[in-house]
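We begin with a single chain expressed as structure tokens, specifically the form predicted alone.
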Amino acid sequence: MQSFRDEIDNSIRARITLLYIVSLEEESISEQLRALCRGSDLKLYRWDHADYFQLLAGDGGVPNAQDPLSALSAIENINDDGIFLLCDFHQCWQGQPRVMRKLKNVAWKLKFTRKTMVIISPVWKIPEELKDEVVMIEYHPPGLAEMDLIVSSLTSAPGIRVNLTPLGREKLLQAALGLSSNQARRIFARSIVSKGGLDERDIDLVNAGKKQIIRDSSALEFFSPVETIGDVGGLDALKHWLQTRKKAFSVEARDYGLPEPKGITLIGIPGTGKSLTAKVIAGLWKLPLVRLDLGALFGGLVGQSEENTRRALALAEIIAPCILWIDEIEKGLSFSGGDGGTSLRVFASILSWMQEKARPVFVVATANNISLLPPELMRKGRVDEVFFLDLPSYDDRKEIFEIHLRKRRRPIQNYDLDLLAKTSEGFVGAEIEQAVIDAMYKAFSDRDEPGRDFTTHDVALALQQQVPISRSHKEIIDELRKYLSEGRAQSASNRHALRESM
């Protein structure tokens, strides 16, 4: 892939006179341009609203231009070949037709020179009048090698501890991908100051820093999961699948020849742990978790929904590697035809991105109503596996009860788990948790002994007072379970059902 510096150099040679870079990396870009100019006879000028013209590379004086029109006139009249870095210049043409016209005129005249204007801005804001004159160049955030240099520079001082194994260091660097140089440097420096060094705990700090990248997106929500794989009862096959891919995003996996996993589709009965699994994957793999709100993608203007989708997916790629959780995907993509085809186009954009995405974004799509899911979402190549989450078995229910009792700091030996597992036949995990909570409320507000501890009898009574979904919606649940019995998905609960290709 062509480097940023080569792109700039080739653009200058091709007499492209107006470049636009969307980035927060002003300092890093300035250094790249300075290095390019030092290797040639070009000068590097910088102009901004505060300090006006500065000469960053080369010898000589600078013109006195304190407004955008004067700055453009100065660029036009300077005889030296060079690069003119214009910082935040997008603010100068807003409501200023003369500035836009002058910029266009200067861009035309510079075609016969070796002078190029480079606009750097944190946002992509090009008016229609200028779009035919501007060439956009991407400046990607630092890669693994650049992140490693940042960490090395910050930890080179005596007395700073680096408690990282080679794999731990790689995970930390991978977690920082998507951050700007300054963002990564601030996070690492803050950790060094507070703890005297770096360790694997800083992965969580880095992931929290990524939350700021998506805070302005209404369609994306950042999660900081605290759930572990021990918080999931049953689902042995799914857990095993996830464990075997724990190092899937490592350099070691790439060197071995393994591709990065694309994602999974979790289908089945409501309340069986599909959403919890998405959070567990992020915790297990130490990756940031971002939920895509499909409803927030849809806008009232023509083309707005498709643009919102493109931006949301682009943001997910910026903070990659990450987990992108699309919850209850069948509800967001209605395919009803009553929206002029917008749902279909949004869905097509998501499918195309899932197939072609260049960055390591692991998609977790969950669905309850299988009948609304198109076959394209289940096809291998877009996802790695389709798991069906069924009603928990007897042993699964025992494990689920144990998890929720431990979560509420109750001694397991005080409860008859066999009785509770037998009593809760046909209950899903969410219903079992609610039965424990209901039992706690009953014991806490007991008329004769307020605040007493809840018992096995309390939980069993709470179960008897519930109508599980397997009974209240028996026909729907039976129809869902046929999907698994017909062999159209992988069982998430039976490890022995794993395919030989695992």
Ligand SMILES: Nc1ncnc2c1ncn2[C@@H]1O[C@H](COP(=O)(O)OP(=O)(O)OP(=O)(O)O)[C@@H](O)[C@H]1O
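So that there is no doubt, residue numbering starts at 1 and follows the sequence shown. These numbers were taken from a predicted model, which means no experiment stands behind them.
Keep in mind that the form predicted in complex with the ligand is not shown, yet the notes after this line are about it.
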* Structure fact -> Exactly one of Thr265, Thr116, Asn207, Asn368 comes within 4.5 Å of the ligand in the predicted bound form through a heavy atom, and that residue is Asn368
* Heavy atom within 4.5 Å of the ligand in the predicted bound form: which of Asp236, Asp231, Glu385, Asp416 fits that? Just give me the one. => Asp231
* To do: Evaluate Arg161 for contact with the ligand in the predicted bound form, applying a 4.5 angstroms cut-off between non-hydrogen atoms, and reply yes or no.
  => no
* Mark Pro270 yes when one of its heavy atoms lies within 4.5 Å of a heavy atom of the ligand in the predicted bound form, and no otherwise. => yes
* Indicate whether the ligand has at least one heavy atom within 4.5 Å of a heavy atom of Ala430 in the predicted bound form. => yes
* Asked: Can you check whether Met378 is within 4.5 Å of the ligand in the predicted bound form, heavy atom basis?
  -> no
* Candidate stretches 397-405, 287-295, 121-129, 88-96 - the one whose heavy atoms come within 4.5 Å of the ligand in the predicted bound form -> 397-405
